[in-house]
Structures are given as structure tokens and as C-alpha cells.
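Here's a solo chain for you in C-alpha cells, the form predicted alone.
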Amino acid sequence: MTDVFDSDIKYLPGVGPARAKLLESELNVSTFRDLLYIFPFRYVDRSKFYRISEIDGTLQYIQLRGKITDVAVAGQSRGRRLVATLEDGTGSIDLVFFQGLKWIAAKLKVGQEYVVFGKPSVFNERFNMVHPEVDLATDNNPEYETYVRGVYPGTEKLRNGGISNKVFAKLEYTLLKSHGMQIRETLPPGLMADKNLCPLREALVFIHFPLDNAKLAAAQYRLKFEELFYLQLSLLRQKFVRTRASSGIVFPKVGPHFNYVYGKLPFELTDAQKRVIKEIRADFLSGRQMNRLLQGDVGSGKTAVALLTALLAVDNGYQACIMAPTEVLANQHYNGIAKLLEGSGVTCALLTGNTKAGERETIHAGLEDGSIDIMFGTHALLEDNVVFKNLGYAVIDEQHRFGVEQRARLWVKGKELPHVLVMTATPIPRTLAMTLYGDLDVSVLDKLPPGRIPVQTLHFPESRREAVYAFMKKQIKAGRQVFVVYPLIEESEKMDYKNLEDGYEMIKENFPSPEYVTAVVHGKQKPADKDFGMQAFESGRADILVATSVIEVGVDVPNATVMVIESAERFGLSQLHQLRGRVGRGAQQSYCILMTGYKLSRESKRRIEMICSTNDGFEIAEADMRMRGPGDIAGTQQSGLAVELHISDLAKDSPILEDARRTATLVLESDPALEKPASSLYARELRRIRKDITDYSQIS
């Protein structure tokens, strides 16, 4: 059965081919349904009329009613503007237009009464409004102009193409007027009654054209619940399907390799590490494929968990692989773990984009014949010619750097579905974890190894640079090492590299050779040069490492006790926390110094204060999500997310999310495959929602 809401947007009256092209390029709107689900991001109250005499400098958008007493064009060529004077008996205000002058001049008639809506400002000691909305003052306003009016996402291109906010509202109205009766309900009556939800048709009318704030609130709640419910139903269904399939490899033995390495670990495992290893071991014995997310703050010991659980796979005759997003991190895992494996009889190898052809062939052969037990690598492990004899366990570090499809390519490399552990040092707020990883079981390493001293975080403005340099020299004299990190933001790469180069020169000037040795690492270097700089610092030959945020993940130099972050206001909270985690890895007191410019925005000040006040990664992640929104956190946008979120805000809607998850769990407990007649509506909606998304439920 064809659905009218799948129709091409160009066929909606008022759109046409040119506007359709614009809507698709600017807002990704190509069908009637896409347009219907572009919701206002805020609402303005048009029930109140202000008098011109009431205007002061504090008012935002306001509505006036008055007569036009004068219309004139002023200025020359490019600076031409149209100025209309509006009076209401209490005063006058200028309405100023810089574009469409002919059209506006023809529309505005002296002596006629108009309703004007816009933001007042002051120019030459006179109030004005630039490009306000202007309508004839009649009592016959179009039906779509309710008192609580939506403000839609807009861009300059849309406005220039004639799609103003008013036109957008009119298009939504046309769509609802022509096809509103064809909106099909997506939730069963029992659930709607239980949750006190208004019907979908009503919700979609009132989200666009609310009669009052109560109707708007009911529409928002209904649409948020539905969106989060289907997101959780999709994720949990994948989990239900997987956990009910007896396809997991069983690793019954704790064998000699595990016991040997466990016995020679140079540190005592924390209670948290022991608990997580037990959780993973229970999965290995369950007969079901494990899909587990391991969250642990920087330095909490995730690598030791990954190694010991990989040895359980090896003890049971299977291969394991540990995949990292960067060569630096893959190298570090390989070098650190290879030392611990000495004398155990376990073979391991490393494959990155930098591996030489001859070495590559040997590795491929070793993987195919099973002589390599644990394979370390980067994205290079995903290449088609990398084939394992019997991959039983895959560990992915810094999971948010890999898309779903990339992970899926790894799972098909074994004869059986491997167990999967995805690890992240980016603490993820609970609501975000439930959304991005709702189909995974979650383990948390919430204890740092004993002896770790919390890093002291200090904020210094540019004027205190000399004091910071003096402190760095004191630390180097005591035998310590220092990171100096510069931000790298893609849009302004040239400027950023200039910052780094200038900073490098300034460091060399203030820390002259041969008394001080400075290395430099950034993303534009050749791999060999990058490795040389990293190795000089890791081995202790260099006192200072000047770098971009490439060192955010995985660099482990216990002797480095000072992290200086330049232009710290340009980093997000979670990224600052990640960078800070590069120090404090040894037994000495470590310091993170945040250097900023003189002028800080209110947001930047809040971020700097927050990072200085706590070392708790989860607390920081929650604050980061509140400040920046969930989409920006540490690159956690997930390709293949089951449901696109149009209205829900994970930072604010966690009670609705948790209720939606509980409800989805109850539905699946009674009908895991959604096969019963009572579940037909859920099954239909999931099919529609997921038709453009590859279903990875069998593999990740």
C-alpha cells in the first residue's frame, strides 16, 4: 500500500522543483513526511501587542500594530535601504529593509494599518526593526497563524529562495490540510491510554500550530515518547534476537596462558577490573554471543581487562584481535602487551597502514594458519585480504571512532560469530549510552588503580605565561616531561598549524637546546616523522612534546607530569578531560594547565571552571551533554542509529527515555520477534523506520 507521505516534496502545492531542490540541500527534506517532521525549534507568543512607547533595550521579538506614515529609500547603490515609519499613537519606529526593496515598497501603503513582528534595536538614538514580518491588520488571519507560532530552522539560502518562516508554516499547513486525515496511528490504543498520549494526528497538528501551551506540551510529549520508544524497541529487539540465538562460542577453560600472564602482572588488579573480567567470563560461558561495552575513565585499566580476556579465547583454541583507531594507540597496545606475553608462548603481531609488504604477507599467512594468537591493528584489519583461521574474540578500543559498518566487516572474518568487547575512555552519560549502545551490555571500570594521585588542574590567562614557563622548567629540572597541546579544528587548519608552528618556535626560544630537547607531533607529518617525535618523548630523550590533539587518545608516558593546553577555550569539556588523562599515569603529582585568551565567553568560562573543579569523567560528560548537546560529544554520532531524533533532547528527556525503554522491554518480553497480532503495529513501524538502514542485529 502506497503512503501519500512518501510522495516527492516537489508535488506539494507551493513547493515545485526549485524549492524542492533547496529543501533537500538545506534541510534534507525530500518527501511529504520529511517536511511534516521538521518541527519548530522554538515558539513565539503572538497573543500580546506592545505599544511603541513600551519598547526598551531589553525586549526580544515583539508584535506591534500601527499605521505606516512614511516610506522612503535611502543610501547609494550597495548601501540602499528602504525605511518605513510605523506609528501607533504612543510613538514611532523605523522598519528597515536591505533586500527586496521594490517588492516591499509596493506592498507598504501610507495610511494603511499593519501588524509588525520583529526584534527592536537602536540606531542613531532611534528604535528600529530590521526586516520584520509585516502583515495587513485584519481580523481574518489565515488559520495557520495561531497565537503561539513556531520558528522553523532556516538558512540564508532558504530565505533567498523565498522560503521564509511564514512560507514554511504555510507549507506545513497545506500538507496537514490536504493529507492530515491520512496520518496513520503508530501506537496501539492500550499503550496510548496507559501513557496518556494524544493521537498522532493531533500531535502533528499542534506541534506545528498549537492553540495554546497545554496543547503544545501534550504534542511534544507524545512525539518524544514515540521517537524514544521506537529507538529503544529497535535496539532492544536486536539484543533480544541475539541473546536468544545460541550462536555464541563457548570458552569453558581458564588455561595456562591466562594463568601465566595473570601471575606475572606487575600490578594488582582493582576490584572493578576483577568484576568486569567475571562479567565477560559469564558471557563466554553463556552459549550466546557477547556484545559488551566497557566504559572506563582514562587510566582505569581497560587494556589489562582486554588482554586477560583475550587470553581466555587463546586458551580455548581461538584467535583474538584488538583494534585501535590510530597507529599510535595500536603500537602502544602492541608494545605494552607484547612485554607481558614474553615467555607465555602466546604469539602476537601488529598490522597498520604502515606495515611493509613483506611483513604483511607473513602476518596474513600467520592469521590464516592460526599461528598468530592475538592480532593488533588499526583499520588495516578490515581489509578484505585479512582472513583469520578462527577469530573468537574482537576488542575495539575507542569504539566511537568506528562506524557500525566498519565493525560489521570485522565480524564476518571468523567462521563463527566472535564475542565483541567495545571499549571507550570517553565517559558516556547514561542516557547517551542507552541510545548509542542500547543493544549492548555495559560494564564500567569505576575505580582507578591504587597509588594514582588526582591531577591538579589550573587555569592561567595569557598574561601569566612567564610563570607557566618557569613552572615547566622546574618540573623538567626534577626529571619530569611536559606536553604542550594546540587545538586543531578542521575549518581553520591553516590558522591552527600556524598556531602550532609559532608555539613550537616560542617553546624552542624559551627552552633552548641543548639544555632542553623539544619534539613535535601533528597530523600532517609523515608517519615516520610522527613516530620519531613520539618515540623521542616516550623514551625520555625529549623533555617537551609540542602536539595537536592527536595525542588525545592512548599516549602513555608515566614520566610526563605536566599537560599545558593552549587556547583551552577552543576544546570541549570531554576533550579537555581526555587530554588531561595523558598525565597522572605515574606515581608523582601531575598538573594540567589551561592557557586561555583574555576574553572568554560565558560558556567557555563554565567549561574551564567545571574541568578545574572535578576529575570525575562521568560528571564531566553529563555537564558536557547539557552544555553542548548529545550530538557533539566526542564524536559519538553513530552511523546507523536506528531512529532519527527530530524532537527528543537526550540531555533533558532522560525520564521519557527511561520510561520508553521500560515499555519497549515489556513489549519484547511478551513477544521478542514481534510476531503476535497485538505487535503488528510495532513491527510495521520498525520496518518503515529501518527500511533505509542496514540491520546489524545479527552481527553487532
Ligand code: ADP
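Numbering starts at 1 and runs along the sequence shown. Note that the structure is a prediction, hence the values are computed from the model and not measured.
As for the form predicted in complex with the named molecule, it is not shown, yet the points below apply to it.
A heavy atom within 4.5 Å of the named molecule in the predicted bound form is found for one listed residue only; from R452, K119, R81, R464, this is R452. Note on the partner interface in the predicted bound form: the residue among E226, D543, D297, E538 having a heavy atom within 4.5 angstroms of the named molecule is D297. Heavy atoms of Q273 reach within 4.5 Å of the named molecule in the predicted bound form, making it an interface residue.
For the chain shown alone, K170 is not a contact residue for the named molecule in the predicted bound form, no non-hydrogen atom being within 4.5 angstroms. Proximity of E268 to the named molecule in the predicted bound form: non-hydrogen atoms within 4.5 Å are present. Of the heavy atoms in D446, none are within 4.5 Å of the named molecule in the predicted bound form. Residues placing heavy atoms within 4.5 Å of the named molecule in the predicted bound form fall in a single listed stretch, namely 299 to 307, out of 615 to 623, 355 to 363, 201 to 209, 299 to 307. Contact annotation for 566 to 590: a single residue, R585, has a non-hydrogen atom within 4.5 angstroms of the named molecule in the predicted bound form.
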